[in-house]
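Below sits a lone chain in structure tokens, taken as the form predicted alone.
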Amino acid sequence: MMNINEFIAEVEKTDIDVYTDTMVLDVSKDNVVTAVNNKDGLIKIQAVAVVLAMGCRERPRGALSIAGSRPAGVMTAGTAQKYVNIDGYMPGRKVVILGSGDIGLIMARRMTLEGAEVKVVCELMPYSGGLTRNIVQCLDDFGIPLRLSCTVVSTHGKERLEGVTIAQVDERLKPIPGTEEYIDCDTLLLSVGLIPENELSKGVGIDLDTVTGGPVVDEYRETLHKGIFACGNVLQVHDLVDYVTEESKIAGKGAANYIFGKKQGGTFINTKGVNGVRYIVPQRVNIENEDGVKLYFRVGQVYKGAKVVVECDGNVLSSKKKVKLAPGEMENVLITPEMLRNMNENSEITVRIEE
């Protein structure tokens, strides 16, 4: 897989104009991109195809409704990452982390290596939201405890955080009275999820998936708005950058084919996740596709020794047993051209988990 410098070098070999330090303000319904920067002022570009790759943002503290005051020392894990890795500042010395997403797990290790004491990582759900390898390498290897079905119910301190109260939660994710525990700390890092940055998408009127938070797309990552494509974390929050790169190539190829008139119409059918599969990307597939389609999906809980079953029109297309399936790790299945040829306009591809 290429690194960022190799991608930059490849772009510099072309005649593509690159506008850095430039903010896109709007994408119109006729694909006019309005942007602004200090050098050119207000820019309007009439595009044939647009690829949305705005990434995602962290869910803020305000979305959590944690009781208590608002002292210094409460921040997102990404903010702490910037302080340590880029600015060279230590956010604190005694740390509690809420949420076991990959950024939170990585920061547990990072803060430990910088000399801080990470007291605990609390996770609201009964499973971790991060990759298994990050749980092992960032927590287990450093003796940092991970408490599942646990959350922070209140913060303490006026000017600076002095401690937090944590508690176990029930099956409805509500704190269980009598399980409260006070932990002395000066820093609370929040790793409670990422949100695809789709304000521009909403402005165009692009249909968004209620589960992923990103646009509804076909196998070339074209949205339901003609000529607008989406890829990366603006489409779905990925666990590995390799998937982001792979998806960007798919969207780039789709946009290029659209510009040169190679992307033809066809018969589209829907994909659907059932029985433990939270979502599938792409959400729609052209059955006339001659290359085959890879469907990416996530499960809603941890499964061990379960099967991933792909069906269409009552027929099982594939069934594969997996050692482990976890919400924090993206999975995929391949729909071959032969499978697509046996489908019709009334077909629907479903992916389910069979225990």
Partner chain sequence: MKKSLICVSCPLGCPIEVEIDNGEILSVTGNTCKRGDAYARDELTNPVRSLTTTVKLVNGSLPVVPVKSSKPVPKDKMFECMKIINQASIEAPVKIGDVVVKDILSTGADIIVTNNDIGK
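All values derive from a computational prediction rather than experimental measurement. Positions refer to the first chain, counted from 1.
Missing here is the form predicted together with the partner chain; even so, the following discussion is about that form.
From the list 110, 238, 225, 119, which entry has a heavy atom within 4.5 Å of the partner chain in the model of the complex?
The residue in contact is 110.
Which residue, 320, 29, 294, 324, has a heavy atom that falls within 4.5 Å of the partner chain in the model of the complex?
After the contact test, the surviving option is 324.
Each of 148, 171 and 184 within 4.5 Å of the partner chain in the model of the complex, by any heavy atom, yes or no?
Not a single listed residue reaches the partner chain in the model of the complex, so no.
Is it the case that residue 207, even though its partner is missing from this view, gets within 4.5 Å of the partner chain in the model of the complex, heavy atoms only?
Close contact is absent here: in the model of the complex, residue 207 is far from the partner chain, nothing within 4.5 Å, heavy atoms only.
Even though the partner isn't displayed, in the model of the complex is residue 179 close enough to the partner chain, meaning a heavy atom within 4.5 Å?
No, residue 179 stays farther than 4.5 Å from the partner chain in the model of the complex.
Using the partner position in the model of the complex, report whether residue 257 sits within 4.5 Å of the partner chain, counting heavy atoms only.
The answer is no: residue 257 has no heavy atom within 4.5 Å of the partner chain.
Is residue 329 a contact residue for the partner chain in the model of the complex, using a 4.5 Å heavy atom cut-off?
It does: once the partner chain is placed as it appears in the model of the complex, residue 329 has a heavy atom within 4.5 Å of it.
So which stretch, 86-94, 190-198, 153-161, 211-219, is the one near the partner chain in the model of the complex (non-hydrogen atoms, 4.5 Å)?
Residues of 86-94 come within 4.5 Å of the partner.
Can you name the residues of 2-30 that have a non-hydrogen atom within 4.5 angstroms of the partner chain in the model of the complex?
Contacts from 2-30: 3, 5.
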